[in-house]
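One chain is shown next in structure tokens, namely the form predicted on its own.
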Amino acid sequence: MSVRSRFQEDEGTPEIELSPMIDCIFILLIFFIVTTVFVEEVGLQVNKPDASSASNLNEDKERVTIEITKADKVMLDGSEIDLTALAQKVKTAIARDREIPVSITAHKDSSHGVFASVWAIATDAGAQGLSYTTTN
């Protein structure tokens, strides 16, 4: 009789049982397939207008354009005008059409006080479509 030590025994190579893992994966797959909702959402079809059609709306209307130069000169339609005459011109333009747009274009180095005065004059004259931009 030979005595074997505990370390000399051949236990074989270890193996991983894959069948429980495969069963678990199939169960998860079935769970996700059953719980997934395949419903289309119902909504309204909306025909959106093109951006080019929006620009046509303002092309037909008259526009009052006020420009403030770097030297703080107030220009109306390309000619210099003082603030009292500007108030009268804006009032007459607004009297013809309440929806007429009034735009103020100010140079970036112009005085804020002049801009505030022109804005106040246009507002007092009743301009509702009032906008402003700056230039270099």
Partner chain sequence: MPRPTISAEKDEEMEINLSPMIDCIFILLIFFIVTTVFVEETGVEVTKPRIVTYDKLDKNSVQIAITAENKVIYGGKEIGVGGVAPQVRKDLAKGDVPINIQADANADTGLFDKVVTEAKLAGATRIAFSSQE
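Note that the rigid core is defined as the largest set of C-alphas that superpose within 1.5 Å between two forms. Numbering follows the first chain given and starts at 1. Please read these numbers as outputs of a predicted model, since none were measured by experiment.
There is also a form predicted together with its partner chain; it is not shown, and the following applies to it.
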property: 4.5 Å heavy atom contact, residue 121 to its partner chain in the model of the complex; result: yes
property: Heavy atom of residue 109 within 4.5 Å of its partner chain in the model of the complex; result: yes
property: Touches its partner chain in the model of the complex: residue 79 (any heavy atom, 4.5 Å); result: no
property: Contact of residue 35 with its partner chain in the model of the complex (heavy atom, 4.5 Å); result: yes
property: Any residue of 62 to 89 that, in the model of the complex, places a heavy atom within 4.5 Å of its partner chain; result: none
property: Rigid-core frame, C-alpha of residue 17, shift of 2 angstroms or more between the shown form and the other one; result: yes
